[in-house]
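Take a look at this single chain, the form predicted on its own, given in structure tokens.
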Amino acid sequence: MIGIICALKEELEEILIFTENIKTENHYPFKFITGTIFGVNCCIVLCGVGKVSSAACTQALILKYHPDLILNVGVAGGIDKNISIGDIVIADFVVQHDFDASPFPGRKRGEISDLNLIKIPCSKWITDKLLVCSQKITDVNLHVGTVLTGDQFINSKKKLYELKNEFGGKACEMEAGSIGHVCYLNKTDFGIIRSISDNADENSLPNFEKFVKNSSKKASLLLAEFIKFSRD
């Protein structure tokens, strides 16, 4: 079974277009949707926005459905000058940029204390397979890189430059890092698909509202190709 987590209803709706044999189960506060995508058993869930909700949802998904892997699919803000709205970022690492235990000796900002890691690695085989599958999607620019997560909607050039300079990375959003953290603790394979809806600058909010649906569709197309590839 493939577990699929998204944060927004726009992201969920695009994934459900491909989903058949749908059943729903409520495990408060989350509604889990089981079904098949191209014949592959999947469990899809809307986690809500932010690190706490996405972490709680990921743990519930693992405990109740025991997925073979988890994919986090959705939109993000681009933080690299070479990334444009509508591009897709496949994560190789995730970082929680707002985790800060640096006042303690030897600790750096972003370093997760119980893991001694700043960058949590996505499952390489998933990242590699997503990259192969992405070649089947036309008219979309693809990037592989670090996705930065924090409980902040970034809408400032100053802030995104600070993040870029400190952590590198291709995109910023609010769930991937915590989903990756929980998967890493549970030894569950995971991957991240993010389509760019805005540039995390002062125009990020109107651009997000304008492009969230189309960007969600592009992310779901890569998910669909991955599942087809898994089936074959």
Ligand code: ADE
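These figures come from a predicted structure and were not determined experimentally. Sequential numbering from 1, following the sequence displayed.
The same protein also has a form predicted in complex with the named molecule, omitted here; what follows describes it.
The named molecule in the predicted bound form is approached by I154, whose closest heavy atom lies within 4.5 angstroms of it. The closest heavy atom approach of S197 to the named molecule in the predicted bound form falls within 4.5 Å. The named molecule in the predicted bound form comes within 4.5 Å of no heavy atom belonging to I70. Not displayed here, the named molecule is approached by F208 to within 4.5 Å at the level of heavy atoms in the predicted bound form. Figure note: of the listed segments 117-125, 99-107, 75-83, 134-142, the one touching the named molecule in the predicted bound form, with heavy atoms no more than 4.5 Å away, is 75-83. Contact annotation: of the candidates I179, C172, I192, L61, the single residue with a non-hydrogen atom within 4.5 angstroms of the named molecule in the predicted bound form is C172.
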